[in-house]
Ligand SMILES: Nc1ncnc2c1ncn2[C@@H]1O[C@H](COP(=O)(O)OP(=O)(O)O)[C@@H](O)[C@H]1O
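The chain below stands alone and is given as structure tokens, in the form predicted alone.
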């Protein structure tokens, strides 16, 4: 059964959801900036950073950038970091590489991973691209050792580009002395800012269109309220927009007002 607000407004799918196909992602200036740095690091086999507040659209921008790679030429490896040891990260990576091993030896896992990377590049003629999301959770000891994963044939073959995505403290972690070997391989970085009020209006209308609505549902004051209430951060804007739609449908009003946004904000933390 469809929720009341979807039936009331005539949505063909759930609006303001993160479950978008890559080609449905709005190509903002921020998304393009991430893609440019992504391409640069991948072409060099180097490292790039994407930082921003929680909900600023880092993962979404990287999904759009990643979707542009030809699947026969590239092998994306996406892992979500944890606060565990380098061993846990290696086990996450080996799982994504479909390597079956019961070893808990850090050195053995590293050898297996490096062998699999060489098999991808030399055997299957695919270029691996490693994306580590939530990288700001990683321990300093992980940053201190992770650069060894990129070293092939005396560090002469840059076979494994890495894209780190995380909150603003990611850069601080890379400035520690123990992180210098890894930080020295960073060739590009992009920080996602909160979007402007005009971009917020484009964003809201874009998501309405994806969900089957061709006309604006949000009054100007409602757009301003969503922009202010979200701080220009997309995830919170999604929650506010959907909650405001629910409030408007409950009152059987076809246009969302600033008051509906205020009601929605009272439900969020």
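Numbering follows the first chain given and starts at 1. This one's a predicted model, so the numbers in the text were calculated from it and none came from an experiment.
Below, we refer to the form predicted together with this ligand, which is not included among the displayed structures.
Although the partner is absent here, residue 44 is not a contact residue: none of its heavy atoms lies within 4.5 angstroms of this ligand in the model of the complex. Remark: residue 230 does not count among the residues lining this ligand in the model of the complex, judged by a heavy atom distance of 4.5 Å or less. Among heavy atoms of residue 255, none comes within 4.5 Å of this ligand in the model of the complex.
This ligand in the model of the complex is not approached by residue 205, whose heavy atoms all lie more than 4.5 angstroms from it.
The stretch from 46-54, 221-229, 65-73, 33-41 that comes within 4.5 Å of this ligand in the model of the complex, counting heavy atoms only, is 46-54. For the partner-free chain shown, 234, 235, 238 of 226-251 come within 4.5 angstroms of this ligand in the model of the complex, judged by any non-hydrogen atom.
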